[in-house]
Structure formats: structure tokens, C-alpha cells
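Below you will find one chain, with nothing else, as C-alpha cells; this is the form predicted on its own, and questions on how it binds or moves follow later.
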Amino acid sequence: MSETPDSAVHAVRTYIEQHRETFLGDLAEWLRIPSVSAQPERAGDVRRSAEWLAAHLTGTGFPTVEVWETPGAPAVFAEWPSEDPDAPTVLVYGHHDVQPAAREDGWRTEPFEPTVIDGRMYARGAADDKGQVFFHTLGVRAHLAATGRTTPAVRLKLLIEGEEESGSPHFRALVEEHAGRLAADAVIVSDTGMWSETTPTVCTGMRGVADCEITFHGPDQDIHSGSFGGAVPNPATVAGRVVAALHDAHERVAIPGFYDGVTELTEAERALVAELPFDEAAWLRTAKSHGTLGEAGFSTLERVWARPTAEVNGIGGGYQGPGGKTIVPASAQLKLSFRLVAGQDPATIERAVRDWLAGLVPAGIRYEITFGAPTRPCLTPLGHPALTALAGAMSRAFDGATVRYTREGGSGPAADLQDVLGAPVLFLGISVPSDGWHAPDEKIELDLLMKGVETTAYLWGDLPAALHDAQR
């Protein structure tokens, strides 16, 4: 006889509570490894972190666990087949590298000595992302214990990379190299968060990004502005005019073709955003800013989550020292970035920017424009059955609370998984804004961490029917 929902919840929670202390002790052991991918002297620690995780996943029960090499830091792959022949395949993504941290940065505790205070574990990586990777290990065991299964209800794969905090420079190549091994019907990304402790949410998308650096050259050297100014083009003036031309009077990006293909927000999506308890004044305080500004006709959250942007990241040129120096400078520089939303292609944006720039630069100015490696946007449609299953599993973990939907304004490697594997990407994170990602005193709320464990325990049983529905 199958379990009722209430008995299933009881079984999952009982198992989690029985194993909570061991789970937290193991997490603390992993957090003590300073796996800072950005610091070359920590390369050995990043490798040690990967090897530690691989050993723990083997102990969890994954029959296949491998450390995958890259030209940089290693990733960890694990796979646990299901005994059900028609079980769908789910790939979980996260990362085991962390941001730099030192006590003198302002930490109240040692960043790599996990400390529990008032139900919170303080340590670098507690929330971003070791804690959120780790809840999957106890979650799958709780799923098995509560259902009496010996294998998960899905074919479960994990890919935990070691370079996310360094921009994932080798991640796409890794995914392409192992695309057959990584093939999945859905991808779960556990490197995001929730709106707040009392408002559980599921992220449905992340923006992409393209960035470029432009150098303008005028005279072959700095020249006298009295003798030559007004008669030769000034590269600093050109840089200023390019910046001024980026937006129109309504703060809309003025590059021709920039909005082509943009997936517009539906009225239903706008209504869901409006339901969130957004405190703009508090948000401004977090942003250390004194007013909002952006594309006309959209709210602050809509601008950050669902609209493309163009930003000036840096501008320079000419004399910057004390006092005056009356010159026409030889060169000037701009750094620009473009956040992209679903429907936009980074290659198309690059061409549009190049064409736009060519029409603005006058004769007598030479320039170079260089683009960095782009990140594509990704979006999960609100009506996707797998998203409904994820929200339902989270609602059960949060005692029936309504689960709302958000997006992330930032960018990450999730789009590479969507692009290469052709699978929908779902986001499952339980971190909250106060966790202080990348900041001193990063922490994780332990009760919320257990909600992440509980959500996955339900999710693996709920996803098969949802994914079969999605394929019909």
C-alpha cells in the first residue's frame, strides 16, 4: 500500500532529523577545505575539495563517482541509475570552489573554521555553494528511506565544478566533451536562493552577459590643446559620445537591433513579480544607492530580472593627475557590459554593437573592440510540468506554503548546460539574501538547509511523472 502524503512527510522528516548532526558534521569538514579557485596557491586545496566530495558521494551510495580533469580545477561527476527502466534522467549542477576569505576582511570568526551560532553555520562556502550542493547527499538518502527504494526514482547525475568563482573558463568545453555522459531530461541548478526565510521561491531564469573593451586612438601622442585642440578628433570626447549614445531619453538601450527576439514578460508573469513583498527603500540601501533609474514602463524587479541592459563598467583616458594638463590625449578606453535575457543571442548582440560603434566613430580615430567569452541567458517557462513539480516539492517542505517565482539578474554557467544538453534548467536553492555570498560572515540558515534536503527527498519521487508529461 502506498504512503499517504502525510506519512511520506513524516518518514522523510524523521530520517532527516536522525541524520542531521552527522550531516552537519560532514559539511563542516568539507567547509574547512579552503578551495579558493582564484588563488593559484590554493590549487591543491581545490583538488582536495574535489577528492573529498568524490569520497563522500561514494559513501552516500553513488555507484559511479569520478573526478574530471580540466585545464584548470577539477570537477566531480557522479551517477546513480534507477532500477526503473523508464526513469527520466536528472542532472544536478553546483560548484565546490569558493571565494577568497580572510579574518582581516571583517569576519567575526575564522572563515574556514565553521562556527554555529543561533542556528546559523558561518563559513566561506556555507551557502555559496557547498551547503547547497551538500543537501542533495542527505536528500537522496531520505528519498530512499521514505520510499523503501534501493535506487532513486530518477537516474540521478551530479556535476560539481571547481571554477565557478573564477568565471567557469573551462566549463562549457567540459560539458561538450562529456555531453553523452551528462545527457539528461532536466537539469537542477542548486546555486541560487530564495526571496526570504518566510517567502519560499523558485528561480525561473538567469540573464546572460556579453562584455567588451574599446580603445580609441587619436594623435600618436598627447598633444597641446591650444595648438591642436578643435582641429583634430579627441579620443576622450569620442568615448564620451559613445557612452551618451548608449541609451535614449527613456533609458532604453539605443543600439539598433538590441531588443530583437527578446522574450517579453507576460501579464501573468508581471502579476507574479508584483505579488512579491518588495521593499524598494531597503533594496536601495543594499545597493548603496540613492534612487532608482531604468527602462521606462518596468518596475525595479522587472528591470533587474527580465530586461536587457547596457552598463558602462569603466571609462578612462587623458590626464588624471592633480592640477591641469591642457592636452588632446592620445587614447581613451571604455569597458561595457550587456546583460541579456531569453531570446537574445550573444553573437547577434556582438554584431549589433560593432555595427553601432562603427557608425559613431569619426574619421581620424582608430579603435579596437574586444569581446570576452559570453554567457547565454536561460529561462524555464512557468507552465513546465517539471517546474510545477519542483514548486510542489518545496511547498511540502515548507508546510504547504505558496511557492512564488523569481529570476536572477546575474549570470552563470547554467545556460551552457541548457544550450549543450538541450534540457530544461530548474533552479533549487534555499539560501537567503542575508547569507552574505562573497562577503565576510557568509552563513547558511540550518533550518532552511534542512528544507533543501527535504525538498529533494520529495522531488525525486515527483519528477518522473512530470517529465513524462513534458515529453508528451
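All values reported here derive from a predicted model rather than from experimental measurement. We number the residues from 1 along the sequence you see. If you superpose the two forms and keep the largest set of C-alpha atoms that fall within 1.5 Å, you have the rigid core.
Unshown form predicted in complex with a further copy of the same chain; subsequent notes refer to it.
Inset, instruction - Can you work out whether a further copy of the same chain is within 4.5 angstroms of a heavy atom in all three of Thr70, Gly162 and Leu174 in the predicted complex? - result: Result no, not one residue of the spot touches a further copy of the same chain.
Legend entry - 4.5 Å heavy atom contact, Asp105 and a further copy of the same chain in the predicted complex: Because a heavy atom of Asp105 falls inside 4.5 Å of a further copy of the same chain in the predicted complex, the answer is yes.
Inset, instruction - Find out whether any non-hydrogen atom of Asp222 is located within 4.5 angstroms of a further copy of the same chain in the predicted complex, and reply yes or no. - result: Heavy-atom contact with a further copy of the same chain at 4.5 Å: present for Asp222.
Legend entry - Non-hydrogen atom contact Val304 with a further copy of the same chain in the predicted complex at 4.5 angstroms: Result yes; Val304 sits at the interface with a further copy of the same chain in the predicted complex.
Legend entry - in the predicted complex, Gly410 touching a further copy of the same chain (heavy atom, 4.5 Å): Heavy-atom contact with a further copy of the same chain at 4.5 Å: present for Gly410.
Inset, instruction - Check each of Pro88, Gly294, Pro200, Pro385 and return the one that places a heavy atom within 4.5 angstroms of a further copy of the same chain in the predicted complex. - result: None of the others qualify; the residue that does is Gly294.
Legend entry - Listed residue that, although a further copy of the same chain is not shown, lies within 4.5 Å of it in the predicted complex (heavy atoms), from Thr348, Asn313, Thr402, Ser196: That would be Asn313.
Legend entry - Answer range among 246-254, 182-190, 111-119, 265-273 for contact with a further copy of the same chain, defined in the predicted complex as heavy atoms within 4.5 Å: Result for this chain: 246-254.
Inset, instruction - May I ask you to list the residues of 323-356 that have any heavy atom within 4.5 angstroms of a further copy of the same chain in the predicted complex, in sequence order? - result: Counting only heavy atoms within 4.5 Å of a further copy of the same chain in the predicted complex, the contacting residues of 323-356 are Gly323, Gly324, Lys325, Thr326, Ile327, Val328, Pro329, Lys335, Ser337, Arg339.
Inset, instruction - Once the core is aligned, please say if the CA of Phe171 is shifted by at least 2 angstroms between this form and the one not shown. - result: It does not, since the Phe171 C-alpha is displaced less than 2 Å between this form and the one not shown after the core fit.
Legend entry - Shift of Val116 between this form and the one not shown at or above 2 Å (CA, core fit): False for Val116: its C-alpha shift is below 2 Å.
Inset, instruction - Note yes or no: does the Cα of Ser395 move by 2 Å or more between this form and the one not shown after the core is superposed? - result: Superposed on the core, Ser395 moves its C-alpha less than 2 Å between this form and the one not shown.
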